[in-house]
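Starting off, we have a lone chain in the form predicted on its own, written out as structure tokens.
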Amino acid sequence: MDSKIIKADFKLEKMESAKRIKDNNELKIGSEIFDKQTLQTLYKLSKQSYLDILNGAISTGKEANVLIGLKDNSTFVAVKIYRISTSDFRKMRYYIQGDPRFNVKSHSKRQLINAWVNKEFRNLNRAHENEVSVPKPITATNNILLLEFIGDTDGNPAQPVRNQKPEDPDNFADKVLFELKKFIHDAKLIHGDLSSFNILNHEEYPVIIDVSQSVVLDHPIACELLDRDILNLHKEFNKMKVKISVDEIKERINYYEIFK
């Protein structure tokens, strides 16, 4: 695993009194993600048998950290923790406003984060139910989302395409467009931030991730986001030496049928 991967070992049953960290000097996790409510939420998830141990990290970002969790000491799960202190609330409001599924009027940052996490859970669930290649969502509580761990049986997470190029780029691009078409036409969602960062290469098959900003087709900015996704994909395919035009991408996903 990458040297930047965070190494942690939290025994959740001890969170009532304190959090125990294996090597305080080695850890690079910002303490701001483990505020009191986050620890209480983790403890609640532990009591509900969703999670026993946090052990390592999959990714870190400005808004969220994704950690590796263990259930029953044998089943890996991904634990996405949104950080209250550094999240971009203006961006969150931009994507939530206009979504008929949500009506967030409060200016509370924590309530907005909770709505954002619920939005990602519902988007994942919608995509998964329509057989799109996404991590299966498990549960969402406050600022924490639990989802299917994508990786091997030893706990090594699948890497984004940016870090793990496909062996057969043309074939991989075909699979990406196949999944994107289902994401749009079957799940009725627009991703909004599709790139090599947000597509995992899992055993040479794409898995679409990070769908918190994804919007329904009747969202006011859906068409704008789709056009941006297509341009981003075109750039990514070019980097992989896949010869495909923007018009060909549109044709492959039945672009002109989407908003009819």
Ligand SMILES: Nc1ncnc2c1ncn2[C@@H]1O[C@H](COP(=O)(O)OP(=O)(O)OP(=O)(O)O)[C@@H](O)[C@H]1O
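Just count from 1 along the sequence shown to find any residue number. Because the structure is a prediction, the values reported are computed rather than measured.
Not on display, but discussed next: the form predicted in complex with this ligand.
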* Asked: Which listed residue (V66, L70, A222, L45) meets the criterion of a heavy atom within 4.5 Å of this ligand in the predicted complex?
  -> V66
* Asked: Tell me, which of V215, L194, L51, L200 has a heavy atom within 4.5 angstroms of this ligand in the predicted complex?
  -> L200
* Asked: Pick from 125 to 133, 93 to 101, 156 to 164, 176 to 184: which stretch has non-hydrogen atoms within 4.5 Å of this ligand in the predicted complex?
  -> 156 to 164
* To do: Would you check, heavy atoms only and a 4.5 Å threshold, whether S59 touches this ligand in the predicted complex?
  => yes
* Does the 4.5 Å heavy atom contact test between E148 and this ligand in the predicted complex come out positive? -> yes
* To do: Flag F121 as yes or no: does it have a non-hydrogen atom within 4.5 angstroms of any non-hydrogen atom of this ligand in the predicted complex?
  => no
* **Residue contact check: A78 to this ligand in the predicted complex, 4.5 Å heavy atom** => yes
